[in-house]
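Next comes just one chain, in structure tokens: the form predicted on its own.
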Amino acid sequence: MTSTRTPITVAYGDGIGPEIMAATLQILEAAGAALDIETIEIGEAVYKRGISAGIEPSAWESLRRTKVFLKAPITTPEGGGFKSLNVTVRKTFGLFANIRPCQAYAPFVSTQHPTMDVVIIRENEEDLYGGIEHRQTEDVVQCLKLITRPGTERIVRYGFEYARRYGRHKVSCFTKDNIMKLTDGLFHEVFDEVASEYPDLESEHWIVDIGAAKLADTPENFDVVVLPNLYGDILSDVAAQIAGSVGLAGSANIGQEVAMFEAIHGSAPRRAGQDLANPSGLLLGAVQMMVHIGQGDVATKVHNAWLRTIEEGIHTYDIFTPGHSREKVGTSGFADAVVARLGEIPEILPAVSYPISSEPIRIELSPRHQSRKSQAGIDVFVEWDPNDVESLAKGLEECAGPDFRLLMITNRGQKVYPGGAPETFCVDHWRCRFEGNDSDIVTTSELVSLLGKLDRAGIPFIKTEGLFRFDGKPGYSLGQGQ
């Protein structure tokens, strides 16, 4: 057991947070965790002081100093103007990997999947969670989906490194690249590239809808699953629930320098102050923390004591079931039960054994490739009467020449000109695609001239997107007929 105390930052949070944090720290201390704790305030009280991020500026200094954050759930006030603290911390410190083990504890916790043992590894910073949204017309709002090659490589490579370190045998990837061919297509492409570097591990790709169905139906066929942010957020909760309970799942958020550990459930304010809440999710998040900081012996002792408590049927109300449970306890009673079993190992559930000391997984990215980039045209999004594509098309055709040609007009992604179907339902938001007439290279002055013509013609444009080629290949989705 280490004699050096590791600095960590602790936040007790809101709702049931203070109770489950106290229980977690009680168990860690009893197990001999060598921790130097700095406590910060986050959450509802900070929001109410007018700090929209829910965290005091001084708290950032503690996190930069310790680089380890054990966080209880918080309550975000209802209404606009308040940021997600989790998203803020993740993006500020580059916590790119979200690791959520989802394991069944049958027969002691009710589940239809008694052999389930899946780790969900979710990309944590990109995708639709960039929070870049705009209302563009009376009818239409948009949210930008951002997938990057470096961000994808980091999370995919982390998934394979995690599988190799912890003796896993297969890494699965879920995307929707049959529809989102560029964004999800990039995620799938990078997954395949990285997978080729790990011949000792199986790899597979699923379209996310059928993959999610398979995960819910036969989770024993999966081992480590790597996903983009949104799919990972949804499916990690699904996986935790079908394993037994969201309340039992811990979560690690890992960056190159800083890491945050938490339960995946919320603050449950209706249960606050009643000594009812199950501290297991936060405790198992803390187990991940102890492994991360090189105190794997403590992590092993705590986790095995927790497993022994579960299999002896000492349960909080949320997982208490007649026939499987022997004694219903509250938050403090559960913590006392785990402490009493420190040093024991489970008799039926598989015991765990973490390396006593280990370095966090470090990710090195591949060298960046610099493509030859050229602009072939522009998509101009305009606001126009949803029932009058013909007059819009006429005005656009007049503005196009001599530098451009109007290739098509789409409405919500469906081609409506030329050759649209009269049955297509349209709104007031139109994408108008122009390509250069004489070459693959369109100049900035030509683009500005085109937009000036649209303005003078009374065609109000909302935004534009450049049509770029990279090493000669289109970097944009092609419309019908192209």
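Please read these numbers as outputs of a predicted model, since none were measured by experiment. All residue numbers are counted from 1 along the displayed sequence.
Keep in mind that the form predicted in complex with a small molecule is not shown, yet the notes after this line are about it.
For the marked spot (Asn86, Arg122 and Tyr129), a heavy atom within 4.5 Å of the small molecule in the predicted bound form is present in each of the three residues. Note on contacts: among Arg341, His315, Arg90, Arg168, the single residue with a heavy atom within 4.5 Å of the small molecule in the predicted bound form is Arg90. The listed set Glu153, Asp379, Asp233, Asp177 contains one residue whose heavy atoms approach the small molecule in the predicted bound form to within 4.5 Å, identified as Asp233.
Using a 4.5 angstroms threshold between heavy atoms, His303 stays clear of the small molecule in the predicted bound form.
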